[in-house]
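Shown next as structure tokens: one chain only, the form predicted alone.
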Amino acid sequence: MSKRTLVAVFEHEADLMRAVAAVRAADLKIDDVYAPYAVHGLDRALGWRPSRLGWACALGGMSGAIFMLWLQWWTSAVSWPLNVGGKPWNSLPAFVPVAFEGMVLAAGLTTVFALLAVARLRPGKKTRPIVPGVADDRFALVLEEADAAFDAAAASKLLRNCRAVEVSERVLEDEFSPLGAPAGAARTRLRRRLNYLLLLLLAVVVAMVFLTLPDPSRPNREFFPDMAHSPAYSSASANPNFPDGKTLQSPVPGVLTQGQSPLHYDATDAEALRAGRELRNPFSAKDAKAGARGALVFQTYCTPCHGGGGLGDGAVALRGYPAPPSLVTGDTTKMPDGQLFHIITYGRVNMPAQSGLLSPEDRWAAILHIRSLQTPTAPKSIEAKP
């Protein structure tokens, strides 16, 4: 098939835009426009609708994300589930990164293939520039002579008035017409057959993947089984892995964690009394900064058991854990700061050692806050703010 056209060539973008407006005002049919670069506003001047490639991109992206979520669920929970440290097979958060990458990949490929389909581009397609230099520094406007009433002379005059440097009538062959040269037509047919063969091979591979059923006689592998089946020890049963039978261990004697200074006292009641006689709190009650820090430390680490006011009514104690003694009455009020520091460091009865969580400065600051709770005017509960 072929069609008669009128081709006008321009040297400037402004002349092309002026010609498009004049041609549309004259109700002539524009077949196509060629430019060496994207001309802003040309689509609106031609009256084109907004591109639908955005919809293709969105649909492709959503399809890719849904497919990757399904593929990960099917492989992880249905086809070949693996027990990795007791984690659930159908773990949606673990699927998000791959689903996101699949969404981006599918959106990009869909946009490219949609563009190729709309532009009717294919591998091996031969293209000839309608005007020499149209891809470099010239612009072309093609009018279709749709019927016998088309006045080529009047249209040519209109285009020349818009500063067209060249106007000519041409017969354009349809893009699906065979190439003139037999060798070119043979190469095109060969490329088409090769593309069809590759698509067929891809379809066969995909079908084999989905039709191959898993072998139920082959057991799945289990990674990190100690994380999923680790033995549990209650308070009534001793942990055989440690000499003292306790699961919660204090730091190894003689080993200092980063930022800690050595404390030359053993974890005994006698040593706690000695610490009470020898150690002094480096902070004073008038130190507002240390008091605020102590309130924050107490609120963070002590409130769950001792409660906001130190009465031993914390959330943990209210839910069945042995309640600690009150910090504002009884023997605690008579203990020196050094003895309290020893207890916080090494722990006592049900209270674990806090030396691995709190620096010596934070322990002294917490003691300063405990002393403030023991004053007669102290509130029964307190909310610390950083």
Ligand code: HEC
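We number the residues from 1 along the sequence you see. Since this is a predicted model, take the numbers as computed values, not measurements. We call the rigid core the largest set of C-alpha positions that still match within 1.5 Å between the two forms.
Just so you know, the form predicted together with the ligand exists too; it's not on screen, but the next bit is about it.
(request) Given that the partner is absent here, state which listed stretch (60 to 68, 30 to 38, 352 to 360, 46 to 54) has heavy atoms within 4.5 Å of the ligand in the predicted bound form. (result) The contacting stretch is 352 to 360.
(message) Is Gly338 near the ligand? Define near as a heavy atom within 4.5 Å, in the predicted bound form.
(response) So Gly338 does not count as contacting the ligand.
(message) How about Cys305 - does it come within 4.5 Å of the ligand in the predicted bound form, if we only consider non-hydrogen atoms?
(response) Contact check for Cys305: yes, within 4.5 Å of the ligand in the predicted bound form.
(message) Residue-level contact is defined here as any heavy atom of the residue lying within 4.5 Å of the ligand in the predicted bound form; does Ile370 satisfy this criterion?
(response) It does: once the ligand is placed as it appears in the predicted bound form, Ile370 has a heavy atom within 4.5 Å of it.
(request) May I ask you to state whether Ala19 is within 4.5 Å of the ligand in the predicted bound form, using heavy atom distances? (result) So Ala19 does not count as contacting the ligand.
(request) Heavy atoms within 4.5 Å of the ligand in the predicted bound form is the criterion; list the residues of 289 to 303 that meet it. (result) Going through 289 to 303 in order - heavy atoms within 4.5 Å of the ligand in the predicted bound form - the hits are Phe298, Tyr301, Cys302.
(request) Could you check whether the CA atom of Tyr321 moves 2 Å or more between this form and the one not shown, using the rigid core for the fit? (result) Yes; that C-alpha moves by at least 2 Å between this form and the one not shown.
(message) Please determine whether the C-alpha atom of Asp269 is displaced by 2 Å or more between this form and the one not shown following superposition on the rigid core.
(response) Yes: Asp269 shifts by at least 2 Å between this form and the one not shown.
(message) Does Gly330 move appreciably between this form and the one not shown, meaning a CA displacement of 2 Å or more on the superposed rigid core?
(response) Yes, its C-alpha moves 2 Å or more.
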